[in-house]
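Take a look at this single chain, the form predicted alone, given in structure tokens.
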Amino acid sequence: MSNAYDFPGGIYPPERKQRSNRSALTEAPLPSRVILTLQQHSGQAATPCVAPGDTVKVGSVIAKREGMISSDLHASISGMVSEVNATQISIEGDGQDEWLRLPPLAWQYVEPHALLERLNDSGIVGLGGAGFPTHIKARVVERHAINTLVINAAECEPYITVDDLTLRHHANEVLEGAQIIAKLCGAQHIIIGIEDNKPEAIEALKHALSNSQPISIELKVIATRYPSGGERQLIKRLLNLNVPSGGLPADVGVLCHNPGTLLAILHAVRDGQPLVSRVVTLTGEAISQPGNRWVRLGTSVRELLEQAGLNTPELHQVIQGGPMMGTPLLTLDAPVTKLTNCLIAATIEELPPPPAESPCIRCGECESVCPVALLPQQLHWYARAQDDAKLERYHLFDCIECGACSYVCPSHIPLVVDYREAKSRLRLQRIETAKAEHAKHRFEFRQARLAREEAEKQARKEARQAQQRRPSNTIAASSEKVDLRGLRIAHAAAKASVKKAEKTLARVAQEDPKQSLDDFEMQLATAQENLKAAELQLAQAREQQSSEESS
């Protein structure tokens, strides 16, 4: 066991994993009907490409990704499309389970661009919770040098055992998926980080390590503590690297993936199988048959829990995700999505409502458990006072919303709720500021273009007037110098605009995965068009000057 490095804080909530990790991983029954929501990933929702009455097979594309940060959506059962609207697509199954797979790829021999295209075509997103499109994450090497791939198998949140069971049953395949990503990002090292409360998964990994190639993989077992599964916290524990405030793991040469995502990557590449199902933990004291199931996307939560022996009179609430960071479902008719890793059917005794909030007693417990070394008490006050300058100063956006501070608060203050509301307000302000800056830049670019055109017009006028007094080649060269200078200025401004739009888009997508990126992608597209136009004008001017000088 390796405990050489550590992060601050952390807590030890009851694990409650035993109910779901004692039985084998099994297939859930094939649903007769699925509802596939168009927003199952970070970024923009997918756009439907089917109509009611269309016949589909498992793996048929039913919605195409929209914009740069988005993901394709595929039919999870065979049958007929019954409904298409702005938010979802419904399919009535025919019970035949007919598949439409992509051609298999030998990942060891194909070019990286073919692998990226396959990830894009397969609709794979991060299955650990964030849902960021995998084909975009794999392209991080275009801007960052990646040295280490971390397989995040910590699975620190109570109740959830998806990664545990995935590794017990598919350790070899998970490691092969890691080799594919390592090839794409150029990583020279692969490290598995797993907590010591998963002995069977650890043994399965030890047996699989000898078969994994070409890159050797290191297994590091860490002591169980929440939230060791946070990217920043795990990177610190494994590599003693600190991801900078406001930065990403790629800034320190690291890329993180969870086992479920790596398994999906292998299925897509080796088997040509798009992402149409995922492993879901079914647990909680209101069901009699807890465990982990392979579930087709779009399956009704109610149907799934009833198959697991749901005791409806005892049910108090169903939480999607874990008890620390998950969210209560408002209806059991909601469908399973790519982001559904756990469903907790809890009784009221199991997860009782929190007591009423009382005033802060300044005990400092929240600060002592914060895994990011923030000052939760101050952030709480500034959030409620809407003191946005102080919130920025005290690094609100470094908060990973793990809930450790709320868990230990003796006053039962919903601290994370305050932080989320403050983040939403600040994100909205940033969006409005970005829009205003874009409008300002467009105005400045237009003014520069008009000035350049006026300069060109004046230069041509002066050239005509001086033609009778000077040799024509001298006049042409002089006027062309004026033209080129204006064009170079416009080209530099357009290039800067593209870089700025790219940074803004990346920042907004990272800060709020659910935020619509339409405006920002439109800004980027406009900047790219302006840059192309400036490059063309500059090239034409240079060609004209070269032609005149040679003559």
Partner chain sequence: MSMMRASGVKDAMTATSVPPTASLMRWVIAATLPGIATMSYFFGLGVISNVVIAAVFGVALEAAVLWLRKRPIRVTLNDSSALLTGVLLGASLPPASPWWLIGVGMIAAIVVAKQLYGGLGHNPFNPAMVGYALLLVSFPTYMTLWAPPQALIPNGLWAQIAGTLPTAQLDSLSGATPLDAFKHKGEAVLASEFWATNPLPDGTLSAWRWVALAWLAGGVLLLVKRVISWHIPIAMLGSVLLLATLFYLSDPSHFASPLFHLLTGATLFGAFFIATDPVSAATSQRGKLIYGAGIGALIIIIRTVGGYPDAVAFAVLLMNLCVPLLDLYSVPRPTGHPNTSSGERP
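Just so it is clear, the model here is predicted, and its values are computed rather than measured. Positions refer to the first chain, counted from 1.
Another form exists, predicted together with its partner chain; not displayed. Remarks below refer to it.
- Residue in contact with its partner chain in the predicted bound form (any heavy atom within 4.5 Å), chosen from Q447, Q188, Q96, S245: S245.
- Interface residue among C363, A451, V110, A385 relative to its partner chain in the predicted bound form, by the heavy atom within 4.5 Å criterion: C363.
- Contact check for R16, M324 and H412: all three have a heavy atom within 4.5 Å of its partner chain in the predicted bound form.
- Just one listed stretch, out of 217-225, 278-286, 363-371, 147-155, contacts its partner chain in the predicted bound form at the 4.5 Å heavy atom level, and that stretch is 363-371.
- Of the heavy atoms in G129, some are within 4.5 Å of its partner chain in the predicted bound form.
- At the 4.5 Å threshold, heavy atoms of Q377 reach its partner chain in the predicted bound form.
- None of the heavy atoms of E306 is located within 4.5 Å of its partner chain in the predicted bound form.
- In the predicted bound form, W294 stays away from its partner chain, with no heavy atom inside 4.5 Å.
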